[in-house]
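Just one chain is shown here, as structure tokens, and it is the form predicted alone.
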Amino acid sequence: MSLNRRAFVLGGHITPFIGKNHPDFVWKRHPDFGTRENPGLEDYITTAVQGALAATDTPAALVDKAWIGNFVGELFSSQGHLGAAVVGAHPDLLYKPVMRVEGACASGGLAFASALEAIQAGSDVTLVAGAEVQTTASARTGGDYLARASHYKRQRPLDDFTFPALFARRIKAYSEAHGLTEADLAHVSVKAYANANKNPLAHMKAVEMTFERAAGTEGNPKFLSNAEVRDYLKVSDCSQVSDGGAALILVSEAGLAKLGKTPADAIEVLGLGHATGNLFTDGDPLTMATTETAAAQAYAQAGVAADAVQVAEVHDCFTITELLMMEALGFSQPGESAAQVADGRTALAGALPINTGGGLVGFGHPVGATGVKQILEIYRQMKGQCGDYQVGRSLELGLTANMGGDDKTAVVGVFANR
């Protein structure tokens, strides 16, 4: 889209992302099992929206429009019609135009893109939310629900866990082409968990991942049943099945003035790319062409090159995805991303910190919330709000890359600290 009006992310709110292995998540082995329930979808939407309004000093009455990203609320929570659920978060949102946006794991990014289009069309204050609850079903049933993001008719038979099998297929192809090893993927996983251990909101904040565990199989099983790809993916390579929510406020220059804010309180959207692939065909397993296309759009709109990016949040639904994202975004050449992770380039103290709060592997992946959380993490890093996982230098340019399905929907944003 053409950015004829300046747009600013003013901040927002991220709930804790929780699920199995999080100390506050109630399941059959938790001491509170039977006496306390986990938050539901309504709770996450309400908490995120109210938190975003409070954190940015935004009166709900001033919100012109709002969007919520959510993938499968009907299946995990028996609840659709989530635009009206956002209205339920605050009485002053009553009768505002609000809608739900769905694009698999890119639902949050698409909600943000919709709000940005509204700013270009004349809105001044918009609200973007994302939320998902995924722990209400067993892993096997949940895997079937999430397979709706694939071409279900064609790809569902691959494995009980369709998406892990799809990305294990990418690992296999990448290993054959570039010599990728389990140790290479282990570096990605260890970085994600180490960052999450510093992040109080992260799903895996209390779980340590050693290099030996990530590179081996002890306590880290290979769980796929598809014999062709079974040996290529371990539990430590996967993002978390998480519950959580996030919401942010996106405004125009006039919106800043209405709220008594200045550009120094915000980060500016310099560019946003949105590309969609063909659900019914498989792409090259060695590349992410849809993400690469969205990135090219975002860079061109922002007038910057990949080497100008100083911090990034990229979609790491699996460890291989982070490596492929780095290449699609122009951060490394094909086959060279794993070496850059191993060398520490993408660590908190590295030249290009990536997924500083743990990414999807460590922070967690409540599907509809992820794209919104990514943008807020860039905001928080640029404004020095990340506490123990704060990058220790001034950050002027950040990037987010949110992906849905097997690189079928991609939203890439470039942001400047003002």
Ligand code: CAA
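The first residue of the sequence shown is number 1, and the count goes up from there. Since the structure is predicted, the reported quantities are computational estimates derived from the model, not experimental observations.
Missing here is the form predicted together with ligand CAA; even so, the following discussion is about that form.
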Problem set entry | Contact check for 221, 239 and 315 against ligand CAA in the model of the complex, heavy atom at 4.5 Å | yes
Within 4.5 Å of ligand CAA in the model of the complex, heavy atom basis, the matching stretch of 145 to 153, 291 to 299, 330 to 338, 304 to 312 is 145 to 153
Only hit among 174, 76, 161, 232 for heavy atom within 4.5 Å of ligand CAA in the model of the complex is 161
With the partner omitted here, the residue among 101, 86, 119, 104 that in the model of the complex has a heavy atom within 4.5 Å of ligand CAA is 104
Margin query: Just checking whether residue 12 would be counted as a contact of ligand CAA in the model of the complex - the rule being heavy atoms within 4.5 angstroms.
Written below: no
4.5 angstroms heavy atom contact with ligand CAA in the model of the complex for residue 206 | no
Open item on the list: At 4.5 Å between heavy atoms, is residue 403 in contact with ligand CAA in the model of the complex?
Closed with: yes
task = Give a yes or no for residue 139: in the model of the complex, does one of its heavy atoms lie within 4.5 Å of a heavy atom belonging to ligand CAA?
result = yes
When ligand CAA is considered in the model of the complex, the residues of 334 to 371 having a heavy atom within 4.5 Å of it are 365
